[in-house]
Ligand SMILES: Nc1ncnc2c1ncn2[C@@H]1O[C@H](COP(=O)(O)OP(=O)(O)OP(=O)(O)O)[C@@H](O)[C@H]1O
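The chain below stands alone and is given as structure tokens, in the form predicted alone.
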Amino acid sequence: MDRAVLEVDRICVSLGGREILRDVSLDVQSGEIFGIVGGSGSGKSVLLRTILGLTPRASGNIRVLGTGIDSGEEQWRHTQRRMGVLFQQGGLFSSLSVKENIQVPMRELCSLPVGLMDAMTDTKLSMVGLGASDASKAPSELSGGMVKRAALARALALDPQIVFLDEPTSGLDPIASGAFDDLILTLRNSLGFAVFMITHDVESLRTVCDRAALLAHGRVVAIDTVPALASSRVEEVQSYFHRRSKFSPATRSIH
């Protein structure tokens, strides 16, 4: 973890005349799992959408893998090939099979032979713990945990250098959440990508994140390792960690 794959420098975002983010700065290093936490309305989702170029910012700079998000359509498209995104509810297209969903970024961002896409799809399914028989299923035929795994397979379709995860364990029970945390760690350790993860789950934060930032009222209140944040004397940080933990470590350790 010796170079930044994501640099956010003093960004400000306003929506509907209301300031949502103010002077937010952070960085994510190569191979690092970086968490973003905060209460409802703190600006977590807006921050992610701004980084992905989906929400305009009033000021500040953002660089992903060394490329500014304002560098131009062609250059940004090239950078997108090295990024993966898992949306909060999975974001699978209901009209497409699991296989077709995984191949969406392959078709949109690359020009690959069908046989190669099929082989890549099989590999990604195996990596996330799904079988070849799941490829032909519709998203409606999958459990909540399987939807997350299929969405993660799509995020990994083009072997990204950084993966953005929006509430990856949202809607999962404690056992499924713990298993998904383990999967993220295993894949990061074996493939070496960096992770930028929004989460509400304190146990997930403690399990997988190397560092984290706490947002409150649109600002970064603290950035540090998770153990350091958990023992912080900053009022907003103490309040978050003491009130948001839903599952005991014993409960989350059962897979």
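As the structure is a computational prediction, the values presented were derived from the model and not from experiment. Note that residue numbering follows the sequence shown and begins at 1.
Although not depicted, the form predicted in complex with the ligand is the subject of the following passage.
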Query raised in the report: Heavy atoms within 4.5 Å of the ligand in the predicted bound form: which of the stretches 59-67, 33-41, 184-192, 224-232 has them?
Result: 33-41
Query raised in the report: Of the options Q88, Q80, Q161, S97, which one has a non-hydrogen atom that comes within 4.5 Å of the ligand in the predicted bound form?
Result: Q88
Query raised in the report: Out of R211, H200, R219, R206, which one falls within 4.5 Å of the ligand in the predicted bound form, going by heavy atoms?
Result: H200
**Report entry** Partner proximity in the predicted bound form: V46 to the ligand, non-hydrogen atom cutoff 4.5 Å
**Finding:** yes
Query raised in the report: Is V24 close to the ligand in the predicted bound form, meaning a heavy atom pair under 4.5 Å apart or at it?
Result: no
Query raised in the report: Within a 4.5 Å heavy atom cut-off, is I20 in contact with the ligand in the predicted bound form?
Result: yes
Query raised in the report: Looking at the ligand in the predicted bound form, which residues in 144-169 have at least one heavy atom within 4.5 Å of it?
Result: E167
